[in-house]
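Have a look below at one chain only, the form predicted alone, in structure tokens format.
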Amino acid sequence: MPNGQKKEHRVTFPNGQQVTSLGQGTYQMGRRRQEEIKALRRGIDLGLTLIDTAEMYGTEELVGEAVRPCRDRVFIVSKVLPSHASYTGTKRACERSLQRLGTDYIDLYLLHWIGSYPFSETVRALAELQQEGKIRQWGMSNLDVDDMEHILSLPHGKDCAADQVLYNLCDRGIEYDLMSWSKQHTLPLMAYTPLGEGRLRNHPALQEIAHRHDATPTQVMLAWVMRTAGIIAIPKAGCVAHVEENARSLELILTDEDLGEIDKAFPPPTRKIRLAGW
């Protein structure tokens, strides 16, 4: 098996809960509601049980409807907007998300990105929500190493369970230090926009690798993101066919030759790059 390739596509969170390293994103969903609900349910059946949403996305009600028949099998991730992330605002935002999702708890609740409220206020609220059973775990999104170090230094900060960041072939900045830092702290990373918004599918290098494996460029990109342990890819797929295509990436094992060609076409960072995202 090639260097760096996982034998099993499973990621373990600090509380011991495991999920498949391929989840389902829902950003910009809602235009074809019934088709999207069908797609989410198909993904769950295929083992893609982590579903990512946020109060900003406007998809929490859609996710709630999709998972209602199988809530106990699903790992729901949602997020609080920075503008709501004061101590009381975080608690109120979580209550609203729970109501929209139609559930008693959120599996992982994240601060969506850095805002004006002190991290200490947000973390205190998140810790209390966890103690109350309204969220199972909490984490951050769009935070780089220095800010993550700050989070861990706060009271209850070491309970932080994940960091969700932009990561794809064109946005490899986390590889410089955040990826190794997260591994050192056994903290899963969640990669949003892992397909680069689909703009890379026609790249000749990806098409050639896909051809060798009887796969698609989409599957190559997802397999590449998941090549490192502890990383969860959360692509959006609004129809069953796309969900099924994504799921087949779990069967794709990239060779050292493949990875070398990808690095040549999409070079890894050689210096610190400001974390892209919100």
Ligand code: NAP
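Because the structure is a prediction, the values reported are computed rather than measured. Counting begins at 1, following the sequence as shown.
As for the form predicted in complex with this ligand, it is not shown, yet the points below apply to it.
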| field | Answer range among 231-239, 41-49, 60-68, 207-215 for contact with this ligand, defined in the predicted complex as heavy atoms within 4.5 Å | value | 231-239
| query | this ligand isn't shown here, but in the predicted complex which of Asn142, Thr122, Thr103, Gln137 has a heavy atom within 4.5 Å of it? | reply | Asn142
| query | Would Gln164 count as a contact of this ligand in the predicted complex, using a 4.5 angstroms cut-off between non-hydrogen atoms? | reply | yes
| query | Arg201: heavy atom within 4.5 Å of this ligand in the predicted complex? | reply | yes
| message | Would you classify Thr193 as touching this ligand in the predicted complex, given a 4.5 Å non-hydrogen atom cut-off? | response | yes
| message | With the partner left out here, check for me: in the predicted complex, does some heavy atom of His112 sit within 4.5 Å of this ligand? | response | yes
| field | Three-residue site Thr26, Lys79 and Glu197 fully in contact with this ligand in the predicted complex at 4.5 Å by heavy atom | value | yes
